[in-house]
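Here's a solo chain for you in structure tokens, the form predicted alone.
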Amino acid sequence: MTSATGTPAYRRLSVEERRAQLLEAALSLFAHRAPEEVSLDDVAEAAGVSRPLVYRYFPGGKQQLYEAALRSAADVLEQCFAEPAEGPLTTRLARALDRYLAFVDQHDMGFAALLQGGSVVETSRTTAIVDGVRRAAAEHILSHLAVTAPGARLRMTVRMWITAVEAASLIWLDEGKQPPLDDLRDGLVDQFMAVLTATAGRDPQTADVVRHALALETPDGPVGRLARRVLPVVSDAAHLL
């Protein structure tokens, strides 16, 4: 919007818009610096506002702002694994991982500070927020598996894989963002199918889940390609059968 003189017209932001602006500025800073290295003055400068204005929206200071920024990031991550319940499982997982890894890539080294703890501003509330992301991701995965009452083995397998995705994301950042994101995503999908199949050998419920999932896969899909890569390797161990 511009005025009659051609200069941009000023528009007062609503409370929701201003709060979102401050959180976006904070997230941008936390994305590249540890939370304890970011001051309210830094946030105010990044948002183009005064320090008192930041305090007006976050009277609890940096701790409240950090927790709000973490909650904002968590809200995004919790929805990464939400997918329509249609099509092959591996296709749904790949789309979910694309969103998750895009967040990791965008927030760069701040991913560890935002989601892995270890900061001086870490509290029981921030720990609960991070744990909530993991639990929400696991519930989304279980819904993709069409399981309403997962047993201990299946639930543990899914939660272990979520932990592996987090660890792989951190290692990927530490390794200079290598391998390429597509390779990382495909490897994580392969890993999930592999650990799910391993659990199926011990758990009848997981075995049923795997049978249902494989029925929706195609020969030219991720599982077909994985099988063709793995079978020549395991065929050398035929003496174990």
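The first residue of the sequence shown is number 1, and the count goes up from there. No experiment lies behind these values; they were computed from the predicted model shown.
Note that the form predicted in complex with another copy of the chain isn't included here; everything after this is about it.
Another copy of the chain in the predicted bound form comes within 4.5 Å of no heavy atom belonging to residue 143. Proximity of residue 200 to another copy of the chain in the predicted bound form falls within the 4.5 Å heavy atom cutoff. Residue contact with another copy of the chain in the predicted bound form: residue 153 places a heavy atom within 4.5 Å of it. Shown alone here, residue 164 lies within 4.5 Å of another copy of the chain in the predicted bound form, counting heavy atoms only. Not one of 14, 79 and 82 comes within 4.5 Å of another copy of the chain in the predicted bound form, counting any heavy atom. The stretch in contact with another copy of the chain in the predicted bound form, judged by heavy atoms within 4.5 Å, is 188-196, chosen from 26-34, 59-67, 46-54, 188-196.
The partner is absent here, but in the predicted bound form a heavy atom of 168, alone among 94, 168, 102, 147, sits within 4.5 Å of another copy of the chain. Shown here without another copy of the chain, the chain has 207, 210, 211, 214, 215, 217, 218, 219, 223, 224, 226, 227, 228, 229, 230, 231, 232, 233, 234, 236 in 205-236 lying with a heavy atom within 4.5 Å of that partner in the predicted bound form.
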